[in-house]
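Here we start with a single chain on its own, the form predicted alone, put down as C-alpha cells.
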Amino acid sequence: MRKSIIKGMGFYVPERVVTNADLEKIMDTSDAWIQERTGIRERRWVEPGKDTTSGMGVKAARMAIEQAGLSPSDIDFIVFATLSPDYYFPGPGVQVQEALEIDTIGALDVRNQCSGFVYGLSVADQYIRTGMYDNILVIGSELHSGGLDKTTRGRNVSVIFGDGAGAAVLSASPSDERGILSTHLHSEGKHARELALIGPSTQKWVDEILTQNDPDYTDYYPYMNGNFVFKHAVTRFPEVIREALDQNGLNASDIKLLVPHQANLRISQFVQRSMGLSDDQVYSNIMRYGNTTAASIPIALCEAIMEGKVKEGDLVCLAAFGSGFTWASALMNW
C-alpha cells in the first residue's frame, strides 16, 4: 500500500488587515487585553463583496497546484473543509471544481470546523493509499468576519477569528521513506453546544430569526464557552499528538516541527510545555491572522515551508482541536 505525500501547498489571506487598535474603535476592548488572552495582534477580514469562502479556496488551490508542478486537470478529487460555506447548500467543493475548470471529478465537503483540514487530509490519505485517486486537492477556507458580533457583547469571540484559506495537493509518495505515517481522528459530541452556531439551522430557520424583536437574541452569532474549551483543548492536543507518536514508535524529541491549529497562542504554549518541545519545534502565526479555523493549519504549514522551517525528511506533526468537540492529528515524514 503506497503512502501519500504533500506535493504542493498554497494559501491566501485578504488584503484588509484589522488590528487590535481597529477593534478598540468599535467595541470595549484593548490591544493588551486581546494579546494577553489570545496572543493575537491582527487578523485579516475580507472587504464585503470582494472575497468568498470558495473564492479564497480557489486562490490557495491554484498556488498549491502550481507548487506541486501540476495543472488543474491533474486533480482527480477535491476535499473542501469549512464551517462558513458560501451557501447553506451546495458545499464549496463543487464551486472549486467549476472555477478550476476541472472535469466532473468528485468533490467532498468536510464539516469538522477547526479539525476540518486534518480530517480532510486523513480522507485524502486513505484514497491515495488504496490507489483510488492519484492527486487530491485538500482545502481549508473560512470567511468568519461577516458572521461575527462586532459589538462589546460579542468581543470574546469576534476578536479571535480571521478570514483566509490554505490548500494542499496530496499525491503518491515517490519513496517509502517519505509520506504520511498515520492520522488519528476523535470526537465527543456531548460538548457540541459549548462551541457552536445554533441558528439559522433546520431547527431555527431564518424567518424565526427575522421576526425576533429581542435585542438579546444571539443564536445567529457563534457561541463559545471559552474556559471550558480551553481546558479540553490543552488535554486533547497532547493526547492525540502522543497517540500518533506512540503508534509509530517515536518520541516528542523526534518532531522537527509541530503545526497546531492556531486557536489561541496560550493553548499552543501550554501544549508545547506539556510535550517538552522547544520554541523551534512549534510553529505559530496566530498573532498575524487570528483563528482561521479549517484554514489555520494549511496557512501555517505553507508559511513554515516558505520560511525554510520544513525540509525533506523532517518529522512533521499536525494537530487540531475544536467545535464538535473534534480533535485530530497527522504525522508525516516530509
Ligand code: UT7
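Quick note: we count residues from 1 along the sequence shown, nothing fancier. Predicted model only: the values in this text are computed from it and were never measured.
Just so it is clear, the following notes concern the form predicted together with this ligand, a form of the same protein that is not shown.
Colleague: Choose from 29 to 37, 56 to 64, 303 to 311, 271 to 279 the stretch whose residues reach within 4.5 Å of this ligand in the predicted bound form, heavy atoms counted.
Modeller: The contacting stretch is 29 to 37.
Colleague: Check whether R41 has any heavy atom within 4.5 Å of a heavy atom of this ligand in the predicted bound form, and answer yes or no.
Modeller: Heavy-atom contact with this ligand at 4.5 Å: absent for R41.
Colleague: Going by a heavy atom distance of 4.5 Å, is G10 a contact of this ligand in the predicted bound form?
Modeller: Residue-level check for G10: no, no contact with this ligand.
Colleague: Can you tell me if N227 lies within 4.5 angstroms of this ligand in the predicted bound form, counting non-hydrogen atoms only?
Modeller: Yes, N227 is a contact residue.
Colleague: Is I267 a contact residue for this ligand in the predicted bound form, using a 4.5 Å heavy atom cut-off?
Modeller: Taking the distances in the predicted bound form, the answer for I267 is yes, it comes within 4.5 Å of this ligand.
Colleague: Heavy atom within 4.5 Å of this ligand in the predicted bound form: which of A124, V159, L258, V240?
Modeller: Filtering the options by heavy-atom distance leaves V159.
Colleague: Scan I180, L195, V110, A244 and let me know which has any heavy atom within 4.5 Å of this ligand in the predicted bound form.
Modeller: After the contact test, the surviving option is L195.
Colleague: Are all three residues R155, A263 and F321 in contact with this ligand in the predicted bound form, where contact means a non-hydrogen atom within 4.5 Å?
Modeller: Result yes, every residue of the spot touches this ligand.
Colleague: Need the contact residues for 49 to 86: heavy atom within 4.5 Å of this ligand in the predicted bound form, sequence order, or none if there are none.
Modeller: Residues within 4.5 Å: none.
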